[in-house]
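Take a look at this single chain, the form predicted alone, given in structure tokens.
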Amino acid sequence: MAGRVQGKVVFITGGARGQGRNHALRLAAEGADVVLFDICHDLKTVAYDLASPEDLADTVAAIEGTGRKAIGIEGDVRDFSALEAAVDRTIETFGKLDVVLANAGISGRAPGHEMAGWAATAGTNIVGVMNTFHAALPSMNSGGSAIATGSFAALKPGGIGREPSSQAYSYAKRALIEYVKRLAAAAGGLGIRVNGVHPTNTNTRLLHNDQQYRAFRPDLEHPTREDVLPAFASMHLLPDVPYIESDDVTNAVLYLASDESRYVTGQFIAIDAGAHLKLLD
């Protein structure tokens, strides 16, 4: 039986590890060929390790293990020319581009790099999304789907913290809401849909690192995962949910990438265990 994205070509930023890798493997299992674009080196402004070239190669191999084709490209979403070249390579290799997933994102919070962290976080999480879509959409035809990875931070009044990179993270994810609507309005006449997902805490390295733990438990000098689980869970309406899994986000991404969502555009799906409902007056 054909998969839900059978024969589609998908371009994913931040695809070497974490949510991006999970999306890539599931989309491949559902019949897509995949191009992965990832920075594949650490940044001084980010307090946890980013994906490596080995991660990218492993993800490419895992996709090929499903019987689908894959390309891995190292690059920074802040570099528009690198994304244009990657899209050109996608078209040269596969002859088309059906789905683009602007998934790459970072949370800075590296001590001593506060304003550089602001710039890197905003540059990746909003400018990087714009660069990805602006490089990809001119090569997409009617029926194409563009998907942005947002965050529950976009829905939380005041954002997720006052430290500069936290402010940048909240700003960038919030700005995506209006951007997606405006881009969807512009692309809709061409038959291209633009949507996004708003995950809450997700079980990846962006959540599980020392700086993030300290942000949730500033009362402790060296908080552990066990220390922060109650704080994580307190964000959510549904009980006993400290964080979701990448699979939970991938399920929504697959829906938006497939023709099942052919009449859905300009929307965000919140995968947040009801966190946004706790904000109601």
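From a predicted model like this one, the values you see are computed outputs, not experimental measurements. Start at 1 and count along the sequence shown; that's the residue number.
One more form of this protein, predicted in complex with a small molecule, exists but is not displayed; see below.
Answer with one of 28, 228, 256, 39: the residue that has a non-hydrogen atom within 4.5 Å of the small molecule in the predicted complex.
Contact residue from the list: 39.
Could you tell me which one of 149, 170, 90, 145 places a heavy atom within 4.5 Å of the small molecule in the predicted complex?
Flagged contact: 149.
May I ask you to check whether residue 51 falls inside a 4.5 Å heavy atom distance of the small molecule in the predicted complex?
Judged by the heavy-atom cut-off of 4.5 Å, residue 51 is in contact with the small molecule in the predicted complex.
Residue-level contact is defined here as any heavy atom of the residue lying within 4.5 Å of the small molecule in the predicted complex; does residue 134 satisfy this criterion?
Contact check for residue 134: no, nothing within 4.5 Å of the small molecule in the predicted complex.
Residue 75 versus the small molecule, in the predicted complex: is there a non-hydrogen atom within 4.5 Å?
Yes, residue 75 sits close enough to the small molecule in the predicted complex that at least one of its heavy atoms falls within 4.5 Å.
Applying a 4.5 Å heavy atom distance criterion, does residue 205 contact the small molecule in the predicted complex?
Yes, residue 205 lies within 4.5 Å of the small molecule in the predicted complex.
Select, from the options 108-116, 135-143, 150-158, 179-187, the stretch whose residues sit within 4.5 angstroms of the small molecule in the predicted complex by heavy atom distance.
Of the options, only 150-158 has residues within 4.5 Å of the partner.
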